[in-house]
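There is one chain below, alone, in structure tokens, taken in the form predicted alone.
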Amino acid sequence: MRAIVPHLELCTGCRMCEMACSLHHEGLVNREWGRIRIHRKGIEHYVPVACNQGASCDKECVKVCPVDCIRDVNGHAIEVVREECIGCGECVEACPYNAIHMRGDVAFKCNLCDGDPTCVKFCSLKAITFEEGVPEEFDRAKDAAEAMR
């Protein structure tokens, strides 16, 4: 499955991806509502974090969801079915990449914009790409995400 692949050495922390995501999904620019997040690591290092759709994890979020509301809905991505989410937060805790968030009582995560991620289009430095996952890139992002928890 194709996924958003972070290239940590290229990210400058401009946050265009977060804003593009928020605008695409929510109709407003609010980086806290983006499904992709840029985490700052140290003074000059930034880490783009988005769900890799199970490319390098065991889909822990799917396994722990007590109501099975995290699943492949459209054949493009594993996503949270908002109407079915009970807001328990188990998926947030289970995600090894820190790529699932809560807004109110509902979890949300990247759904790859129906197979054409908007965030990738707005990353002029190619710090995120949409391709078959490269395990080393995901592992580096996972290590960085864990360090920020």
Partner chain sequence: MNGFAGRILKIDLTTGAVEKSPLPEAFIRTYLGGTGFAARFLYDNVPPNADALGPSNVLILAPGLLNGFPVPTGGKVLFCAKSPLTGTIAESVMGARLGSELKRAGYDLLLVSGVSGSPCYIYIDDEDVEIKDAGGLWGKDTRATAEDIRRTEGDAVVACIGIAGENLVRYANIDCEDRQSGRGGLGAVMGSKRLKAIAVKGTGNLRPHDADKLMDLCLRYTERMIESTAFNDDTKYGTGEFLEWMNSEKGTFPTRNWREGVFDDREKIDPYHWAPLYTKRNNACLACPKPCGRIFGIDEGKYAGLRIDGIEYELLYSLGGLCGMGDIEELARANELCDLHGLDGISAGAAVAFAMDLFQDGILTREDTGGLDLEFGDPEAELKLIEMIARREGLGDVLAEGVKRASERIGKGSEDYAVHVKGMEPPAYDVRGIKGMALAFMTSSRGACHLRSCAYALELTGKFWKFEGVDRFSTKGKGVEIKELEDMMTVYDVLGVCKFSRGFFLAEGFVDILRTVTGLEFSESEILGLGERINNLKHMFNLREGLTRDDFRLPKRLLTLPIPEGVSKGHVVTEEEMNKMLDDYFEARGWSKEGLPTEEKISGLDLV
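Numbering follows the first chain given and starts at 1. Every value quoted in this text rests on a predicted model; they were computed, and no experiment measured them.
This next part talks about the form predicted together with the partner chain, which is not shown.
Trainee: If contact means any heavy atom within 4.5 Å, which of 114-122, 93-101, 76-84, 60-68 contacts the partner chain in the model of the complex?
Mentor: The contacting stretch is 114-122.
Trainee: Would you classify residue 108 as touching the partner chain in the model of the complex, given a 4.5 Å non-hydrogen atom cut-off?
Mentor: Contact with the partner chain, no.
Trainee: Can you check whether residue 1 is within 4.5 Å of the partner chain in the model of the complex, heavy atom basis?
Mentor: Residue-level check for residue 1: no, no contact with the partner chain.
Trainee: Can residue 12 be called a contact residue for the partner chain in the model of the complex at 4.5 Å between heavy atoms?
Mentor: Within the cut-off, so yes.
Trainee: Although the partner isn't part of this model, could you tell me whether residue 88 comes within 4.5 Å of the partner chain in the model of the complex, counting any heavy atom of the residue?
Mentor: Result no; residue 88 lies far from the partner chain in the model of the complex.
Trainee: Which of the residues spanning 21-54 lie within 4.5 Å of the partner chain in the model of the complex, based on heavy atoms?
Mentor: Contacts from 21-54: 23, 24, 27, 28, 29, 30, 31, 32, 33, 40, 43, 44, 45, 46.
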